[in-house]
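The chain below stands alone, shown as structure tokens; this is the form predicted alone.
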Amino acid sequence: MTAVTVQCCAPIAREPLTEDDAAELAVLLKAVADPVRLRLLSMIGSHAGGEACVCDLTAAFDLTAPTISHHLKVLRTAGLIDSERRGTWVYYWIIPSAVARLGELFTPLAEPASV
């Protein structure tokens, strides 16, 4: 009887997460686990010029300004976005390295695993 090698899907990680990495990623995942926050992150990331004014974000939701501010604070505290006050308005932008960290978690490696 000969052994058969079967091609399977590519693994999504080179090695298991360390306890510290898992804790860091859990904070990011919790932040985007809410549909409003996920949409806010998407809107900020796709906004022309790479940053979005809070005045442009609030109109897209049927939520109060304090609720939107809370969701933005959660994203900011998680390290996914940063902000700057300019006069009356606050402008937000994505922190690419943090968002890329989330993407890397779910990006398969190039070659499928052999079974």
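Note that residue numbering follows the sequence shown and begins at 1. Just so it is clear, the model here is predicted, and its values are computed rather than measured. Basically, rigid core = biggest C-alpha set you can superpose within 1.5 Å across the two forms.
What comes next is about the form predicted in complex with the DNA, which is not displayed.
S.K.: Since the partner isn't included here, can you check whether the DNA sits close to all of 47, 80 and 95 in the model of the complex (heavy atom within 4.5 Å for each)?
M.R.: So, no: the whole triplet misses the DNA.
S.K.: Is the gap between residue 90 and the DNA in the model of the complex 4.5 Å or less for some heavy atom pair?
M.R.: Although the DNA is absent here, residue 90 would touch it in the model of the complex, with heavy atoms inside 4.5 Å.
S.K.: Heavy atoms within 4.5 Å of the DNA in the model of the complex: does residue 42 have any?
M.R.: Result no; residue 42 lies far from the DNA in the model of the complex.
S.K.: I'd like to check something about residue 38: if you look in the model of the complex, is any of its heavy atoms closer than or equal to 4.5 Å to a heavy atom of the DNA?
M.R.: Looking in the model of the complex, residue contacts with the DNA do not include residue 38, since no heavy atom lies within 4.5 Å.
S.K.: Can you check whether residue 53 is within 4.5 Å of the DNA in the model of the complex, heavy atom basis?
M.R.: Answer yes; at least one heavy atom of residue 53 falls within 4.5 Å of the DNA in the model of the complex.
S.K.: Using a 4.5 Å cut-off on heavy atoms, which residues of 50-78 contact the DNA in the model of the complex?
M.R.: Heavy-atom contacts within 4.5 Å come from 53, 54, 55, 62, 63, 64, 65, 66, 67, 69, 70, 71, 72, 73.
S.K.: Does the distance between the two CA positions of residue 100 reach 2 Å or more between the shown form and the other one, the core being superposed?
M.R.: The answer is no; the displacement is under 2 Å.
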